[in-house]
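The chain below stands alone and is given in structure tokens; this is the form predicted alone.
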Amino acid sequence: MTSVLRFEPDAEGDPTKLAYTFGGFEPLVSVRPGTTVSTWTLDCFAGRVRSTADLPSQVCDPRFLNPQTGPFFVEGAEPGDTLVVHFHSITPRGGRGVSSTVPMFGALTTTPFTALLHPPLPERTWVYEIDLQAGVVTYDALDSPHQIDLPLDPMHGTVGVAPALGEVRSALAPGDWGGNMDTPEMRAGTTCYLGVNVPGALFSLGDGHARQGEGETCGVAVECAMDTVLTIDLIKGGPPTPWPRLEDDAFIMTTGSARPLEDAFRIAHTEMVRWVAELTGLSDMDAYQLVSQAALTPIAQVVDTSYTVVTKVEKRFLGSPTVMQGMHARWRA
């Protein structure tokens, strides 16, 4: 029988007590593999941006962005294992989300990595009304009376474990430990696979988005607190999981995070070729050819310290193999 844990983060009183890194933070709770966790997360601004008058640079401390719920110590998890995280539901916690343009941040402005002489774009904040029953978030223009209802598509931008080698990495960064990948594929019904680097894995999540376009162009999605139900499980030993993988009912997916963008593309596609070869028994060259013709490659984000690319291949093209010991099918059912 599956155990269920209700975990309440200590966020309302003092958000600075939450983790803002992957690694370097003591676990807050211990869970056994197979436990279903019901919890919630703050938005990336820790609830400090509430209206169009609130500008992130004025109301937020840059040291405390992307608060994480966790870490969860997973009993029995050891380096070389694979952590399994299946998302049953991801639901906006309130009736509003916010987005913004942040100085020196985003894909279409000067940044510390792409240093230019022109001034940053103006800092603005947009508020989105969320209608759970209708399944929409409402875009409301600032400079004209223009509104558009966009489909609600909740996801988590940050999902990850402690990095290897004792590293401590900002929750604003993605990498082979997961972290701030910002892929819209991390939605309810998806299973995420993460390589375990330290005893207990030290799993955390946060950065809820009511929706996000692929690429997260301005750097900020429709940010909101989330109520989330997920199951944490474990695959002992077996082939390593060097980069985060995802699975839903139709696709297997690999990720890569790096700069420049083409290196993120190469990581994600190399991981997919190797995974397809493992699942099908094809040679690496035959798998390379199949992936070249079958893959979809959404860009998750081009704004963080490293960029993230996702590669997707439909499972039906692979003969519907048993993936990761059938974990997705088990918890989806």
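Numbers follow the displayed sequence, beginning with 1. Quick caveat: nothing in here was measured; it's all calculated off a predicted structure.
Same protein, other form: the form predicted in complex with a further copy of the same chain, not shown, and the subject of what follows.
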| item | value |
| --- | --- |
| Residue contact check: residue 54 to a further copy of the same chain in the model of the complex, 4.5 Å heavy atom | no |
| Non-hydrogen atom contact residue 254 with a further copy of the same chain in the model of the complex at 4.5 angstroms | no |
| Exercise: residue 298 in contact with a further copy of the same chain in the model of the complex, heavy atom 4.5 Å | yes |
| Proximity of residue 290 to a further copy of the same chain in the model of the complex, heavy atoms at 4.5 Å | yes |
| Answer range among 198 to 206, 69 to 77, 99 to 107, 224 to 232 for contact with a further copy of the same chain, defined in the model of the complex as heavy atoms within 4.5 Å | 99 to 107 |
| Complete contact of 90, 190 and 240 with a further copy of the same chain in the model of the complex (any heavy atom, 4.5 Å) | no |
| Partner contacts for 66 to 85, taking a further copy of the same chain in the model of the complex and a 4.5 Å heavy atom cut-off | none |
